[in-house]
Ligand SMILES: Cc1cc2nc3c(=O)[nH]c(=O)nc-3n(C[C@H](O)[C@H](O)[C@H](O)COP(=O)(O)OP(=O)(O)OC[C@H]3O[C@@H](n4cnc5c(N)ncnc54)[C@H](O)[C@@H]3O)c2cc1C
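What follows is one chain in structure tokens, specifically the form predicted alone.
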Amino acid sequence: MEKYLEKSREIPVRGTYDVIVAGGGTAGFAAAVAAARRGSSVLVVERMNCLGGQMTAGIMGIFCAINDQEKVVVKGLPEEFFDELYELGGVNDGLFGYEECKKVAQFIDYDAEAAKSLANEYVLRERAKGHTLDILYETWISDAITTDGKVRGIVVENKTGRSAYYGKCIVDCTADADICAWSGAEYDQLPTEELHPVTLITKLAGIDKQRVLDYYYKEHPEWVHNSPTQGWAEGIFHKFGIGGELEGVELPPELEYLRSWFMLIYESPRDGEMYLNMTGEFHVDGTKAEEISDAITISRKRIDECVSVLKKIIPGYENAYILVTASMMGIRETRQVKGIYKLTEEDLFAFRKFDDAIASMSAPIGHHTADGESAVFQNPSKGRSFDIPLRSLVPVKVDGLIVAGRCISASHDAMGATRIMPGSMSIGQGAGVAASLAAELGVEPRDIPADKLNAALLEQNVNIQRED
């Protein structure tokens, strides 16, 4: 490959903070708010024009379990945020009402635009308290400033140009462990052909929801789930794939893949709207720009193909149209930091507890097949939860750094549960609290006393679940 030698230059240092959050996605949003609430000065650097990542710009539309199918487990910011979103009319009631569904349901449907506005309101509230919570939108992080084995800041690029920012503790919420990679921290990454597939989520409008439900009740009652742990037919519609609906339907050869393609169709709280969450492309390395770009092109084509078929085969979809596609590709898996402790599937099913827990959760372990065709979900036992330890957020060697979101130290299988949005948000809150503590105490994240960490988490209503 031909190379160009870039001229060295001085760049301005535009600020110094207690905590810098690299990436303002689902985990980064929670980390920033959590740190600011403790009085730390916080800078968030985000490449999109909103906070929330997949929750907002990615228009995910479903918030997976915050419960153990008997009671709410994931409290703190995730529960607080969605309670407020519900009060704003941005969350569906579900079959048995919102409060009951919070305790037992695996899915809560919400409106992504309402979530954007609420996330913005959270920032304004912290500023109104006199807390420093600065955000750089439409800004890319391009490097980590690392000396003597410690991350001390980041380098960014935006309309202003190239700039540097220093922080006492950096939280890597880039989802791809970018800061880890640039700082020299070790990480794992599976071969591309083994990675979970990627998705470009779409919101459809112009749908007659009642006719859709009538069709399923009449023609396919066996696919109608009235159990809130499987999705809802009334109040919230949730459907896996359309292979059954395509039985006996002739398709051109190029659309045959839709018979076995992974696909979720679920309801938005808004009239006439449904979300389409289907495999866009597979064998994609989300850390390579060329592969992401090609995947976006192919995903848009597949969305068009799927919508054209839905309009022809399912009553109620005749006038459907694409209202919006996500502003960012949904990438399920890339790098995983090598942490002091690697969380495994065995830990999850053993409901393991840790002294340095920053979150407790209970969620299905979702494994999307690498060919993009299906997904297998393993449900944990009801009434049980597992912990996320701080050690799984701290790199083995590099100091001054905490990792949050889907790129924590977790095995390929375990990550299928920890990467879901309630998990990411809860992990983000724990990371923000820990980063704030590290800055306040003047210690490395690995050296935060467990008792002080637990007390600080309790102050923010984080539920570290302990079984009787």
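Just count from 1 along the sequence shown to find any residue number. Please read these numbers as outputs of a predicted model, since none were measured by experiment.
Although not depicted, the form predicted together with this ligand is the subject of the following passage.
- For the chain shown alone, S385 is not a contact residue for this ligand in the model of the complex, no non-hydrogen atom being within 4.5 angstroms.
- Under a 4.5 angstroms non-hydrogen atom cutoff, this ligand in the model of the complex lacks Y217 among its neighbouring residues.
- Interface residue remark: R47 is counted as part of the site for this ligand in the model of the complex, having a heavy atom within 4.5 Å.
- Looking at Q54, you'd find a heavy atom of it within 4.5 angstroms of this ligand in the model of the complex.
- Residue heavy atoms within 4.5 Å of this ligand in the model of the complex occur in exactly one stretch of 175 to 183, 337 to 345, 312 to 320, 386 to 394, and that stretch is 175 to 183.
- This chain is displayed alone, yet in the model of the complex one of A36, L401, A410, I420 has a heavy atom within 4.5 Å of this ligand; that residue is I420.
- Contacts of stretch 6 to 29 with this ligand in the model of the complex, defined by any heavy atom lying within 4.5 Å, are made by G23, G24, G25, T26, A27, G28, listed in sequence order.
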